[in-house]
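Next up is one chain by itself, shown in structure tokens, the form predicted on its own.
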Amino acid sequence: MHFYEFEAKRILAKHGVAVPKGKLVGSAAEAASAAQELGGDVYVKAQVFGRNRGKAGGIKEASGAADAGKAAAAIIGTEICGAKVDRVLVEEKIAAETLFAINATYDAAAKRPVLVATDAGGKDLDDVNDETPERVKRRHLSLLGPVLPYRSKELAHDLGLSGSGLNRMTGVVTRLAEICRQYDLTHAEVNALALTSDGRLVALDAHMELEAEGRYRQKGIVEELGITDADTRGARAPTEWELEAIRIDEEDPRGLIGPAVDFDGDMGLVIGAGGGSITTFDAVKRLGGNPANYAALGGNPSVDKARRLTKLVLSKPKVNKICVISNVVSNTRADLVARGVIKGVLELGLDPAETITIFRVPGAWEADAAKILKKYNIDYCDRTVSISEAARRAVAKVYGE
């Protein structure tokens, strides 16, 4: 779940990190008024989730109210980073002597939280790491204990700071790490942390994302920011296909569909069991398939849920074949999935043997599932066949041997 920049900055300010004075507005007139209140030079910044909005014309400098109004008029209503802009943040311009970048995130390889920083702020950290890796500094944190300030101080020292600057940076880094942990964030990043001539550290931007599973644990901050349940907060607005998948999931509490993602491919996927669905999707892509969707089906779904998801996947214009693949083993009843998928195919007037390229759902009641699949001449494989091999067979049937 993404936060807009203005929301991420409210979180920073709530925890004592300095941010520029600014105002969120929805029109050119309001932008001019905001600039008048702030006085002097300002930035007018599109509020979208994309990270390259500056290059796409989503951030403009303005000098005075009239200029700010023109800048807002040029941004509002346009499409930037795949989203239509309806609001801009008008913000005072802060002069920086040095720009840093700080990111509190999770290191999947080390399986520990990590703080990443550079004194080459204003650029994407990945780009800095590619171009000048020696300027990127890291400090791993404990999963078990609290954020210890001495780790932040070590990182600040690596950035070449000392004295009061070292202490101020230690405070900012520690707060950023605590924010990341407190709110279940995948990352909390300030890509442009300005050190001003009077020694202040000011977050000129902010990027934060919340773990999807953590959204309902974090209702306090979500409600404080005025985010409704209907606001899914993906990188783009959900498609009607994705909304229908959500409706199917919510209307039947048995099992789980999700997350549902709509792609422009021609190979339908009914896949499941957590990491197994990701493994299957990746295998299909690696073997030359073009997935039409991602929608993990698991948690022992009902026949009706499997039926409705199958029909939804087959409703996509380019899709006339699906594969049904699950993890190595799970508690999901394979016979219920088989019944649901076959029923969905039959209700569309299609031949299950031609439409279902492969069925691999190791789980409870496998023998019963095998009998059902055999009745309809559907290619079935058990857990002795790997996910990758099942995906290979499915891709071959969709696109030819």
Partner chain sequence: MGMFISVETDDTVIRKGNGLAKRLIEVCPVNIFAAGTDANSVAVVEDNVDECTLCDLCTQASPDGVRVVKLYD
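Since this is a predicted model, take the numbers as computed values, not measurements. Take the two forms, find the largest set of C-alpha atoms that superpose within 1.5 Å, and that set is the rigid core. Numbering follows the first chain given and starts at 1.
The discussion below concerns the form predicted in complex with the partner chain, not included here.
Q: Please pick, from 368, 41, 37, 67, the one residue with any non-hydrogen atom lying within 4.5 angstroms of the partner chain in the predicted bound form.
A: Looking at the other structure, the residue within range turns out to be 368.
Q: Just to be sure I understand the contacts: of 29, 56, 353, 346, which is the one whose heavy atoms reach within 4.5 angstroms of the partner chain in the predicted bound form?
A: Exactly one residue meets the criterion: 346.
Q: Evaluate residue 302 for contact with the partner chain in the predicted bound form, applying a 4.5 angstroms cut-off between non-hydrogen atoms, and reply yes or no.
A: Yes, residue 302 lies within 4.5 Å of the partner chain in the predicted bound form.
Q: Using a 4.5 Å heavy atom cut-off, state whether residue 358 contacts the partner chain in the predicted bound form.
A: Looking in the predicted bound form, residue contacts with the partner chain do not include residue 358, since no heavy atom lies within 4.5 Å.
Q: Residue 333 versus the partner chain, in the predicted bound form: is there a non-hydrogen atom within 4.5 Å?
A: Judged by the heavy-atom cut-off of 4.5 Å, residue 333 is in contact with the partner chain in the predicted bound form.
Q: I'd like to know whether residue 62 contacts the partner chain in the predicted bound form, with contact meaning heavy atoms within 4.5 angstroms.
A: Looking in the predicted bound form, residue contacts with the partner chain do not include residue 62, since no heavy atom lies within 4.5 Å.
Q: Using a 4.5 Å heavy atom cut-off, are 254, 339 and 376 all in contact with the partner chain in the predicted bound form?
A: Heavy-atom distance to the partner chain in the predicted bound form: all three under 4.5 Å.
Q: Residues in which of 263-271, 303-311, 161-169, 72-80 have heavy atoms within 4.5 Å of the partner chain in the predicted bound form?
A: Going through the listed ranges, the match is 303-311.
Q: Can you tell me which residues in 36-61 come within 4.5 angstroms of the partner chain in the predicted bound form, by heavy atoms?
A: Result: empty, none.
Q: Kindly check if the Cα atom of residue 306 is displaced 2 angstroms or more between this form and the one not shown relative to the superposed rigid core.
A: Shift of 2 Å or more: yes.
Q: Would you say whether residue 252 is displaced between this form and the one not shown, judging by a C-alpha shift of 2 Å or more on the superposed rigid core?
A: Residue 252: C-alpha displaced by 2 Å or more between this form and the one not shown.
Q: With the core lined up, does the C-alpha of residue 341 move 2 Å or more between this form and the one not shown?
A: Shift at residue 341: 2 Å or more after core fit.
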